[in-house]
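Quick setup: one chain, the form predicted on its own, written in structure tokens, and binding and motion questions come after.
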Amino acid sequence: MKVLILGVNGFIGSHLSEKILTETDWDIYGLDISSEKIGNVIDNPRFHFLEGDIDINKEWIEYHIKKCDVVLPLVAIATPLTYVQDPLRVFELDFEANLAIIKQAVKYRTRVIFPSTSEVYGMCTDDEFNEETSNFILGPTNKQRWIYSCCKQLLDRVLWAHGQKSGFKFSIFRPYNWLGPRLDDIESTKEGSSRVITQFIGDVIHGKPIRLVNGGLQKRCFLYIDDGIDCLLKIIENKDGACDSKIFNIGNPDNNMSIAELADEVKAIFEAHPLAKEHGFSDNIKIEKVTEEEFYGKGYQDVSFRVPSIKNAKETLGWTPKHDFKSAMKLTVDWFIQDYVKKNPGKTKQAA
């Protein structure tokens, strides 16, 4: 199999590449604007990489869509602060650029595995979000936070329509708060620009208080990256075509924790971690509450909970997540502490 991964240097793309090259005989053709996360695979003879941009390297992309068996368009802006502050940029990349890729895949009959989002369900009131029956409930137009969800939802519907019209082969997956090594760059975190776990880790290392938006009462279900990639690999493999025209929530409903509980766990791991103690990162960790407008500005709207039904993944793929909340958190925080210390030898909290 030849797999095209656009956004191969991202969190999901880099981990997926490692898994494919370790456990299969497939070839990967990858494109991204940088390569710092794929150092473990970039010299593998089955890994073919171009450092480029999906808005610029259009001929390369079209050639490889035609050449490959499956394409994963993983390029997207997925940070809430950008949804609020630069919604048109989100629309141009997350929707327009990915729509062009989907159109080419339809033209060349190349299977698409599309990364949707748990955010498409919005403020759905179901106890568990079901891929086939749950309603999508988004906020008003002046809440720009929803432009990301809207972009992803419309692309989901475009794929579904192509599947119904011509039998075009696609699968859609919806990640629920995946975490793990290489999630974000904590050395360049700005408030709201990283996902919540790396925002908290970066705050602690840089001596800033952990800030809980609206008190951190909102809940999320956290999934360790290895579990997510295991599921994604099964979707790519697609035994007997079982994943065609299917949507899969990929999350861990058992790891349903409030953001305040997440902050407490980050604090506890830092306070018990030898390297964190040695470098002063565990000293006087503070947690404080802020309003959503203080943190994100106007145009933000939060979701109180987001719990996936994973029945489709269990029944179709035989997949279940393995990592509980504490083990996923410990593995994630430990990696970031060790990576920061390795890159910044001798740096203390004060110097950070």
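Just so it is clear, the model here is predicted, and its values are computed rather than measured. The first residue of the shown sequence is 1; numbering continues from there.
What follows is about the form predicted in complex with a small molecule, which we do not show.
Using a 4.5 angstroms threshold between heavy atoms, residue 195 counts as touching the small molecule in the model of the complex. The closest non-hydrogen atom of residue 168 lies beyond 4.5 Å of the small molecule in the model of the complex. Taking non-hydrogen atoms only, residue 279 never approaches the small molecule to within 4.5 angstroms in the model of the complex. By the criterion of a heavy atom within 4.5 Å, residue 249 is excluded from the residues contacting the small molecule in the model of the complex.
For the three residues 15, 313 and 323, a heavy atom within 4.5 Å of the small molecule turns up in the model of the complex in no case. Think of it this way: in the model of the complex, the small molecule has a heavy atom of just one of 162, 211, 234, 273 within 4.5 Å, and the residue is 211. This chain appears without its partner; in the model of the complex, the one residue of 182, 111, 267, 220 with a heavy atom within 4.5 Å of the small molecule is 220.
Partner contacts here mean any heavy atom within 4.5 Å of the small molecule in the model of the complex, and among 93 to 101, 79 to 87, 122 to 130, 236 to 244 they occur only in 79 to 87.
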